[in-house]
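Only one chain comes next, encoded as structure tokens, the form predicted on its own.
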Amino acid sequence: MNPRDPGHHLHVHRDQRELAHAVAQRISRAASQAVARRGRFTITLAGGSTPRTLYSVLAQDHARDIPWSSIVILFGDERCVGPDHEHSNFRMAAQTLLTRVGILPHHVHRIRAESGSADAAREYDHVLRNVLAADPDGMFDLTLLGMGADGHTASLFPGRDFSADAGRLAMPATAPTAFPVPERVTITLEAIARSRNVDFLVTGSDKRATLQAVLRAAGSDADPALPASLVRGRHGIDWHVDAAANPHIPIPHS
């Protein structure tokens, strides 16, 4: 591990539902503390099935104990579709969380990816800089991330030239053709690194081997072929995984 890297912390949960409840409680505590200290809490949302369960739990069980009117919502990536499209990360978050709690509409900063990846990335880079400028330390509070079986996170895929992202907080992205809607916008590793806390949510046995490789590569041996291994956060990274993705379980040999 790089000595400047605060480290990786693994939390293994029985299943996706238990994971969602544990992370929801963590968000509730962190949001209340941040609002008490700085007047707001900024959270970057992830897409995918595991976050969907988390957002439903937040709306159902934490509608009253989180100061929603002081929460600022950002997004880690978006497909270049309209906000009502079935593949829109914003649509999923709106249906499961944003329309069910007391979030102020002007505190929700979606990626307007329907305008095309280049224009939307430029606009979102500006949005993120304005959000950072309003924080006394120039930081986001919490970034939620998922991880694919190929090691990608947000829309940062293997094979990307990460050096081209230097100095930018949001960039155009292209997913492999097997993924829905290849044209996308993503936050960058630099944007993630400006987070006080980074939480990965990883479920499923198909992710276990990749997670083992990512954790081995994290730190000074980070591997660009595993973009998740390149992620940094101010206070380290918390990995929330279900039992099926537990990297301590050996991978059976065929």
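One-based numbering along the sequence shown. Since the structure is predicted, the reported quantities are computational estimates derived from the model, not experimental observations.
In what follows, reference is made to the form predicted together with 6-phosphogluconic acid (6PG), a form of this protein that is not presented.
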- Decide yes or no: are Ser117, Asp165 and Pro172 jointly within 4.5 Å of 6-phosphogluconic acid (6PG) in the predicted bound form, with each residue judged by its heavy atoms? no
- Query: Where does 6-phosphogluconic acid (6PG) sit in the predicted bound form: which of 209 to 217, 56 to 64, 40 to 48, 190 to 198, heavy atoms within 4.5 Å?
  - Reply: 40 to 48
- Item | Partner proximity in the predicted bound form: Leu74 to 6-phosphogluconic acid (6PG), non-hydrogen atom cutoff 4.5 Å | no
- Query: Might Met147 be said to contact 6-phosphogluconic acid (6PG) in the predicted bound form, defining contact as any heavy atom within 4.5 Å?
  - Reply: yes
- Item | Contact test in the predicted bound form: Ala154 vs 6-phosphogluconic acid (6PG), heavy atoms, 4.5 Å | yes
- May I ask you to check whether Asn89 falls inside a 4.5 Å heavy atom distance of 6-phosphogluconic acid (6PG) in the predicted bound form? yes
- Task: Would you give me the residues of 174 to 196 that have any heavy atom within 4.5 Å of 6-phosphogluconic acid (6PG) in the predicted bound form, in order from first to last?
- Result: Arg184
